[in-house]
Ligand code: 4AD
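Just the one chain here, the form predicted on its own, laid out as structure tokens.
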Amino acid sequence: MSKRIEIKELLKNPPIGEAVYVKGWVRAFRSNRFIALNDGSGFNNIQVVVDFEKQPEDLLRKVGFHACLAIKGQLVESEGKGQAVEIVAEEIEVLGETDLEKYPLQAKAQSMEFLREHAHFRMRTNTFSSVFRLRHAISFAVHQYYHDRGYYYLHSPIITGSDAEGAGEMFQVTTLEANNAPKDEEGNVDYKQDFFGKATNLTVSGQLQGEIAALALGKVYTFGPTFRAENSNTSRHLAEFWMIEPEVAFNDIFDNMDLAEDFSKYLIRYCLDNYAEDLEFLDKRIQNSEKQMKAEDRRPMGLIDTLKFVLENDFERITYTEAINLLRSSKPYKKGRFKYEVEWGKDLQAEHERWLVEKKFKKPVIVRDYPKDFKAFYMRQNEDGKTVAAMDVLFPGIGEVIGGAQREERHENLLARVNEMGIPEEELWWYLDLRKFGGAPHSGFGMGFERMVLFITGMSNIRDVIPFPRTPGNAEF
């Protein structure tokens, strides 16, 4: 008997009375006798009972927190509480020792900030192993959802010569030497001599390329890394993050809203159906962490109850104008509690979005028809001449999770908007061509993947739902 069995499979169909061989890391070690072993295959540990008098003399000191072990023994019914079966160890091999005096992690609660500083070890903790199993689950569910509905997965470029958002906060990609770059006649950097023959950046979105594909294949989606050089250190922003961006020919803004809601609910349902143990653990973790908080600072309901509530209720749908009117008639506005102005023509801030979601409607909200003045050039202009067919999906505790729009399919309107915003036509010649030759109405959106993971896991900081966060001043690991 030498074939290793994964702990998840062992617990699924326990061969009681048989010899088993497992490997994993020590999650807990009690009374110098009971080892909780986990190999990463699932949430649950297997308890191993060890009689150290029958083991080599120096073994006891080697079985420390997060040491790696290989164990052969007999699987029996457990007489103790907390587990149905356990392994009575016969042979133990130490695959990797842990020097507890030097090892930064200890078998006790550690702060999130401390674990970020030791991100090469944090996946070994119960919290982060659950978070990253759920991240995997949500990622898989993304592909499952679109595949089952006839969408095609498009690999959009990471290096791009266009700025889809018009944000200007992009990471430059160049092979030119910073202190010795060639200059043109006007004294500017001559990017014609660069690797791609033009200025290029890391992408902020795969949307524009998605539109190319949608106008040929009908229904496509991209799912890849995106980058923003925004000097922001909030709990909701990253410099490198992942985006899911479906693009659908013949969909209008209302079809777009339907897709966003159905897609969001599918991801939540998949996790509830397939990763209940991880969600239950994270739910209990949140409840324990909130015991010392004031009642008004606690979440209105537990994590799992929140996820089920989102599934069971339709998302509220309002226009931007309705949102402004609701905000201006609210108690926080009348009492001057909002930090930012509430005025038609100005973008909604996080505090406004969260009031709509958490106080007014107490469920996800989709806001549509925003003023064109602070929205991107490609959004379809509404008949009022002042707004565009844009939408944002707002979630409790997070704010915006999805942003999208019906795209402007009318060549004349798009050209006029490009010129109005001072965007050089030659930079978007191919995008304009899509409207001149066989154009069609189409819509799409971008879901911030980490924000969705943040909502489903109940974590409070976006840096804790991506394996290796990239933020201003931090590119470690």
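No experiment lies behind these values; they were computed from the predicted model shown. We number the residues from 1 along the sequence you see.
As for the form predicted in complex with the named molecule, it is not shown, yet the points below apply to it.
The named molecule is not drawn, but in the predicted complex it has no heavy atom within 4.5 Å of Trp355. Contact annotation: Tyr221 falls outside 4.5 Å of the named molecule in the predicted complex, judged by heavy atom distances.
The closest heavy atom approach of Asp369 to the named molecule in the predicted complex falls outside 4.5 Å. Contact check for Leu267: no non-hydrogen atom falls within 4.5 Å of the named molecule in the predicted complex. Distance criterion of 4.5 Å from any heavy atom to the named molecule in the predicted complex singles out Glu230 from the list Glu230, Asp283, Asp194, Glu316.
Checked against the named molecule in the predicted complex, the candidates Lys360, Arg236, Lys72, Arg116 yield a single residue with a heavy atom inside 4.5 Å, and that residue is Arg236. In summary, the region of this chain contacting the named molecule in the predicted complex, judged by heavy atoms within 4.5 Å and restricted to 403-411, 325-333, 119-127, 104-112, corresponds to 403-411. Taking the named molecule as positioned in the predicted complex, the residues of 418-446 that bring a heavy atom within 4.5 Å of it are, in sequence order, Gly444, Phe445, Gly446.
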